[in-house]
Each structure stands twice: as structure tokens, then as C-alpha cells.
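One chain comes next, on its own, written as C-alpha cells: the form predicted alone.
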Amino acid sequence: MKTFFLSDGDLDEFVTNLIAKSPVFAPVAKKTRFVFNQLESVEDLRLDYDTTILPPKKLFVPTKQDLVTFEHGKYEECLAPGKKILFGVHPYDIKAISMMDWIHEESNFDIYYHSNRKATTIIGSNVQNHYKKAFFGSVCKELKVMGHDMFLTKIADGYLVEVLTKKGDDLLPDGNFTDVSKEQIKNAADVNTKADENCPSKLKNTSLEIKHKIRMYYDSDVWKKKSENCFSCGSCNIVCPTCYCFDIQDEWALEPTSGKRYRRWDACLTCEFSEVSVQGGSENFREERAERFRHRIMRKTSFLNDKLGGPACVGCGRCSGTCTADIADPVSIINEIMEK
């Protein structure tokens, strides 16, 4: 790892040079919230954002993604990844991307995901302002922040810059990077430690303790009680950086000899997600809201821990902030169960 300093005055030039070199996707303001969008100008960059509405995984798996086009018995894969830079990703979202990297490779290598992922250079940045529902400081501590190429930490008069890969190294000519002092390195470490400590919401137990006790409540009435006001809208799934379910559809032209196959994000909280065809009709293997509600919490806290090395939740708080019924907050659910 190489470490440098980039002054506040030199940040604009660095980002401007990146924009001229490649499409840059970064946090920008959208009314009262923030989103990852392509930067048109460095003036739009908001490294002081709290969190974005959708996670940056949308650059690797778009909300709707064409897979194959077909015409008169011939087909063609829709693979056209373009080089791009993902700038300003918070540590919790970097952890989520690392999980997605593994998930999309573990059993069936997802060439659509990995072609986009390989074409992307990731530049992380520290959390300067906390989202009101964030709890990343008390969850997923077992997983390191890894998989990114460069990381910026805001300190006095500029940024400590860590270069972690060759992709990151290739960006050095685009900025005026200078030597960094031991004091600046220490200050950056303190900044990131305080970001974890100052999360507005906190889990009270370790991931291992939660994993074991949550399973004890699989058949509990707590899930029915917690899900009474659930609209089954799936918003909590859609904004989650570690949810990866999708639905595949074929779209035919009027002839019908041509068309395309595409996939779109899916959500296990919706009624139709677990509905399958059977002879003479259909069957829903998670028909009750309580079953779907339980499944989401179990997936995040227990089911995937052994594979991922920790819970499938990074504490971004998007799910609880998006939930219309205000019932999706993992912290309140888990802490209540752990106190029983």
C-alpha cells in the first residue's frame, strides 16, 4: 500500500482529470438525498453525503439489465462493459461490494456482474456525515474493507490517500499527490475509528451471539407481531447493498421472431416472490407476511454468515430509512430479540 496527501485545493483538479479520462460515478445531491450518478462537473461531487438512496451495486447489476437478444433463431449476449470509475464509496458499501463479488462467483460465475466489476476502478472515501439510521460501527466487524483500489480520508487541509492496487496506482498521474506525515496517517486512522464509534444506532451484541440466538426464535410469534404492518412492498430489499435476487423475463416483439431476455431486481418481501407453478395451479412457499419478514432477518443475520465470514448486513441503514411502515429497522428487531 502506498500513502499520499492530496490538498483540498488539488482535489478538484484530480476529479476533473478523471472525468476527462473516463466516466466517473459519484455521490451527487438529489433534492434532500444523494445518489450515485455520472459526474458532469466536479462541482456536483458531494463527499460530505450521508448515504445514497440506492447502493453502488447498481453499476454492476443495473435495476434492469438486458442479458440476451434473439432474432430468427440467432442470439447475442448483451455484454458491453465500459471502463468507469466509482468515486466516493463509503466503507460499508465497499464491504457490500466485496460480498457481491464472492456471491456472484461462488456457485455460478455471473459474467454479466463480473464484466462490469472488472471494468470499474473503485475509490472509497470516509464517512463525513452519518445517515440517521446508520449502524455500520456495530455490525460486520469481522469483514475487512477490501476490494477497492484507492481510499480518501478527509483530514485537515485535504485528504490522506491510500493506493491499494495497480488500478489505483494508474490514477496517480492525474493528481498532485505529495508526501504524507506520520501525524496525518494517525489523524486519518482516528477519523475512521470515530466514524464507527459515532453511528447513531448500535447493535448490542456480537455477530456470533446474534447468529445463534436469532435461530432460536425461528418458530417464535415475534415475526407475526413485527410484520403486522408490513405492506410487502419490498422496499427494504431493493435498497439493500447485499440483496442480490433477480427475476428473468423474456420480451417478444410482435412478429414474434425476435426479442430479448432481461433480468431485474427482485424482492423476497413481496407476495409473488415465493410463488411457484405446480400442476394445475401455483403454490406459495412463504405465503404469510411473517414468514417473509423472518426470512429477511434470518438471511441478514444468520443464514449466510459461514459463507461470507460475517452477517450479510453492513449497517448502512437504508432499509429502515426507506420502510414506509417504519418496521424494517434491523437494530430494533435484533436488539429486542437479544434482550428476551
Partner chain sequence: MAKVKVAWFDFCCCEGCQIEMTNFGEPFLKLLELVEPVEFREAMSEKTTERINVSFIEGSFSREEDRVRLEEIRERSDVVVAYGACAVTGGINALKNHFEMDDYKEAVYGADKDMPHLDTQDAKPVSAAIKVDYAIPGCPIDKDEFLRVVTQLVHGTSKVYVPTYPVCLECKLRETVCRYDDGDHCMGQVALAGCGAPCPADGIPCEACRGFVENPNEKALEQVLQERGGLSAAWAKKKSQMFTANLRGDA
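Numbering follows the first chain given and starts at 1. As the structure is a computational prediction, the values presented were derived from the model and not from experiment.
Here the subject shifts to the form predicted in complex with its partner chain, a form of this protein not shown in this document.
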I need the one stretch from 147-155, 162-170, 252-260, 199-207 whose residues put non-hydrogen atoms within 4.5 angstroms of its partner chain in the predicted complex. 252-260
Joint contact, Thr63, Lys132 and Thr324 to its partner chain in the predicted complex, by non-hydrogen atom at 4.5 Å: yes
Exercise: Arg264 in contact with its partner chain in the predicted complex, heavy atom 4.5 Å: yes
Does its partner chain get within 4.5 angstroms of any non-hydrogen atom of Glu76 in the predicted complex? no
Applying a 4.5 Å heavy atom distance criterion, does Ala188 contact its partner chain in the predicted complex? no
Wondering, does Val239 line up within 4.5 Å of its partner chain in the predicted complex on heavy atoms? yes
Between the options Val35, Leu67, Met298, Val42, which residue brings a heavy atom to within 4.5 Å of its partner chain in the predicted complex? Val35
Select from the listed residues Asp219, Glu183, Asp179, Glu228 the one whose heavy atoms reach within 4.5 Å of its partner chain in the predicted complex. Glu228
